[in-house]
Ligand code: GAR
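Okay, so here's just one chain, in structure tokens, the form predicted on its own.
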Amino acid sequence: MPDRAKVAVLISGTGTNMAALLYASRAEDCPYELVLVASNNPEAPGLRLAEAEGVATFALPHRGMSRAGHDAAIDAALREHGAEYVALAGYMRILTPEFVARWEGRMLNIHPSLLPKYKGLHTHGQALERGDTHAGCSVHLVTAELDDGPVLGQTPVAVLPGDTPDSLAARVLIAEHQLYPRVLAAHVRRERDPLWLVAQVRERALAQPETDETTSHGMPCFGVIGGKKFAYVATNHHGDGRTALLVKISGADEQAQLIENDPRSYYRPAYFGDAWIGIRLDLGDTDWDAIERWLNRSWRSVAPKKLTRLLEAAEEF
């Protein structure tokens, strides 16, 4: 199967959701693997389990450290182990906006409520006090606002007569263990899915002025209406197994420099010559803001001067 996405898990305690992610990753068709379990609590039982299962661990107490300093140390450990995604699993630390921004779109969290209901703590008690017929759990992308990121999946859990916060929490935890691996797998698989990747490029390419989409050489192709092409999306072009964006560049020198600096991400696209560069989209860590900048630069290189002058004048205001 293709290379699996590399996931790091952050825990503070027993790590039962980490264990659920770990054991799900042992399935042959699972698209991710755990490369690190990290914690702010060196005594967290989940660390011992990860070690016993052969997963690398990292522990750093937060006491005596600034929040920013601790987050920077955790971030360094994640990157040292090659993590592409981060899964929070009972990590009882509020992360700094800077840390969250570094992992935007690639950090997930499991929360024991049907978000947007009951953010924060004591979710089960709140559900019972409000007389809800169902509690449940949610997996969401992490943003700087607590428990506020886009929801990727949810599982409702019925409230039974006589439930206490503890009895309800025990059933919700079962649902969490089922939901989290499934949603994480779907999320990392999407990041390598050619259809999803093409859709991301399409949205950004068609946002450029007076642009349309056609098909050329069997590839989605974007150009100024009635004019030159500025971007292609190659999916397994000539059987190379890659999904990539092809954009215009200044020439051979820039092409060679980009490939030398980052051969993992950049390559010379076959049959396109020195004026184009291939940018891999299927590595699981695409910087979509950078892709948007590449598309805009490439569009400007082929757009009529009258159109670019009008745009530049509008940008001044």
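Everything numeric here is computed off the predicted structure, so don't read it as measured data. Numbering starts at 1 and follows the sequence shown.
Quick note: we don't show the form predicted together with the named molecule, though the next part is all about it.
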Suppose contact means a heavy atom within 4.5 Å; in the predicted complex, does that hold for all of H111, L173 and E176 with the named molecule? yes
Can S25 be called a contact residue for the named molecule in the predicted complex at 4.5 Å between heavy atoms? no
In the predicted complex, does N296 come within 4.5 Å of the named molecule, counting heavy atoms only? no
Although the partner isn't part of this model, could you tell me whether G13 comes within 4.5 Å of the named molecule in the predicted complex, counting any heavy atom of the residue? yes
In the predicted complex, A89 touching the named molecule (heavy atom, 4.5 Å): yes
Report the residue, out of E84, D147, D163, D71, that has at least one non-hydrogen atom within 4.5 angstroms of the named molecule in the predicted complex. D147
Given a 4.5 Å cut-off on heavy atoms, tell me which of 103 to 111, 204 to 212, 229 to 237, 127 to 135 is the interface stretch with the named molecule in the predicted complex. 103 to 111
